[in-house]
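Below you'll find only one chain, the form predicted alone, shown as C-alpha cells.
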C-alpha cells in the first residue's frame, strides 16, 4: 500500500481526500493528514455566521474527528509541518516526527494579509492586545470574547471578509467603523456605482463606513485605543480586526525548494512543476499565472488531482476557472462575475440602478458573449447569468432580458436551463447535477436534498434556487419534509404527538422512547431534547440514563475550551454575603483557579476547574448550583429597586429572589434568563429578557416576555400589568410552563412568542380563555416540588467515572488581570 501524505486539513485538502476515497483511495493508500489547527475539517466560509451568532461552531464542521478514523486516515491535528525533504521523501513536523511518503499533496491554503501598520504588533505578545485577524475558529472565538466586553471596533478592509466581520461584530453590540483604503467597497467585484449602493445599504445597518481611508497606525500603549489614518484623523476604538485580504501560504514549499512565485507552481494535472510525486491544490496554488480564493476552483482542482493520483482518469486536466461569486454580504445579496466595467469602445454595457431600494444590476457583453455581470440587492437572474458567463450560452437580442424576466418565465424554466455542471451552492461546492442526482436517487424533499448535499447550509442565499431545482428534478413529485415538524430529529413526531405517546405508553426514559417510538434506533442529536422533555413531563418519576446527557449535564458544570470546567454558585437575584464571598475566594486560592469572573447574570464564575476537583469545590463552597450550563432557568437579574435607589418604585430585589427561589433549575426547551427591575429606567435590562418584570408607579408591575439581547436583539412583548408580586409569580409560572410544554426544542422565547403571537398567549394564560390556567399552575407546582440541587451529587456520584478526568487539557493564555501590577 502506498503512503499518501497531505499537508493541510482545510477545505481543499479534505475535499481532495474525499475525492480520492470516492475513487477507491482507501484500498490503495495509507493516508496521513497534517493540520495546524487542532480540529477536524470545517467550512471556513461560515465563520462569519459563527461570529454573528447565526450558526453554532459545531454546525460548520464538514468532517469531524471520528470521520478520519472511520475512513482509516491518520490525522495529525494541531501539528505543523516545517519542511519537506524531497530527496529522502519525508516530511518533518514541528513535533520532531518524520513521516515518509510515496505521494505528497500540499494544501496549505492561505494566511491573512496584514498590511504594514505601525503599532499593530506588541514586542512581547505578537499582535497588540485588541488586534485580531479573521481566518480561523480560534480567531473567531477570540473576537467574540473580546467584543463582549468592549464597545467600539474598527474593521480594516471593505471586501467580502471585512463586511462580514463588521456585521458579525455588530451583532455583539459593538459600534463598528469599517475602513477601506479603496474608494469603493468590494472594489474587486463591484464598480463605483454598485459600491456606492452597497455602502448605503451597509450604513443603513448602523455601521460607519470610511472609504479612501488608509490606516497608518494602531494607537494605544497597553491595548488598542484607536487607529490613525493617513489624513491625520484618529478613530477611537477598543479593538481592531484586520480583514484586508489573504496571501498564499507557501512557506513550507519555499523552504523545501519547490517552485514558488505568488503561490506554488503546478501544471494542468495539479502536479508541482518538475516533481513526479508532489501535488498541490487550493489557495496555495498558482496555475497558469492565476491564483484562486473561491471554493468552485478548489473543487475542480480536487477532482482533477484525485483522478490523476488514483489513476482513475489520466486524461483529466485543470484548465483554469472562470470565477463567479454569489453571496449574502452583511445581509445584502451580491453576485459578481467577470469584469466590472467596459474595457473596449464596442463593449455593450447595460445598467439598471435603483439606489433607494438598494438594487443595482449590470451586464457587459462583448461579441455576443457575457463577459461580466454585477447584481446587488436582486439576484433573481443569477442562475442564467452564471450559466451564460461560464458556458457561453447565446444571449437574448433584447439585452434587458439578461436583467429582468420580461413576461415572467416560470421558475421551472430557470432551473431547467441550468447546465448540470453549474454551481448552485458556492459555500459547499454543490452543482445542479449533484442536486439532480440526489433527487433521482430517491430523496424527494428539499430538506433531505440539502442534508445529503450540504447545499444551502452556508450563507443560505441559494436556498430558493435549490428548492426550484429539487422541484424541477422531482417532476412535480416533490414531497413535504416531515422532519421539519419533528420535535427531535430521531423520533418522527411533532411535540404534541410525542408527548401524547409518551404519556399513553408511560415512557419514562430516553431508551424507552427510542424503543417504542423510533424502532429502537438511538439518535445522538435527539437525546438532550428527550431528556429535557421527559424531566419536564415526569419530574421525580423520570428514569435517568447518564449516557443520554450532554457532558455539562452529566457533571453539572460548563466545559471550557481547554477541557476544564467553570463553576458558578447560585446568588439569587445577584445578592451575596461577605461569608459567601470569603468562601469563593478561599476556593479560588485552594484550587488555583486561573480566572474569577463576574458574569452578566450577576454571579461569580470560577473558570478552570479540573473535572476531578468538581465535588470538592462544591463541598468547599457549600452553595447551591447556579445553573450556568443547562437548558433551564438560569438567573433572575435585579437592580436594587426601592430599597436603595432614589428612583425605584418597587422592591425588585426581593421579587427577583422570590422568582429565582421558586423556579430555580427548571428544565426547558432552551435556556431562560429573567430580570426584575425597580423602575422603567430598566437597570436590570428586563425589557430584553425571556421574561422581564418592571415596577411602575402605583405599586404595579409590568411583565414582558420574549425579549433577547444576545445574537438576536428583541424587546419583549407586554404580557400583563398586575397589582402585586404574587400575581407576578403566578403569571411567571404559568408562562414558563406553557413555554415548556409548547416550544420546539432549542426554541428561545424570542422566537416562540412571535410564533404563537402575544395576543394568543395573553388570552390563554392571563385571560384563561381555554381553561388551561389551573392545569399549568398544577404542573408547574409539581415541577417546583421535584427540584433538587444537582451539586449534592458531588457527595455520592451517580457513576464511578462521573468525575474522573478524561480529556487532555490544552494550555490557555494567562489572563492579564491576574498578573500583579508592579509596586
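Just so it is clear, the model here is predicted, and its values are computed rather than measured. Positions refer to the first chain, counted from 1.
There is another form of the same protein, the form predicted together with a small molecule; it is not shown, and what comes next is about it.
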Is residue 105 close enough to the small molecule in the predicted complex to count, meaning some heavy atom within 4.5 Å?
no
Give a yes or no for residue 549: in the predicted complex, does one of its heavy atoms lie within 4.5 Å of a heavy atom belonging to the small molecule?
no
For residue 134, is any heavy atom within 4.5 Å of the small molecule in the predicted complex, or not?
yes
With the partner left out of view, is residue 10 within 4.5 angstroms of the small molecule in the predicted complex by any non-hydrogen atom?
yes
Could you check which residue among 776, 45, 758, 766 gets a heavy atom within 4.5 Å of the small molecule in the predicted complex?
45
Would you mind picking the one in 690, 434, 283, 191 that has a heavy atom within 4.5 Å of the small molecule in the predicted complex?
283
Mind telling me which stretch in 232-240, 247-255, 266-274, 384-392 gets its heavy atoms within 4.5 Å of the small molecule in the predicted complex?
247-255
All three of 451, 513 and 630 touching the small molecule in the predicted complex at 4.5 Å, heavy atom to heavy atom?
no
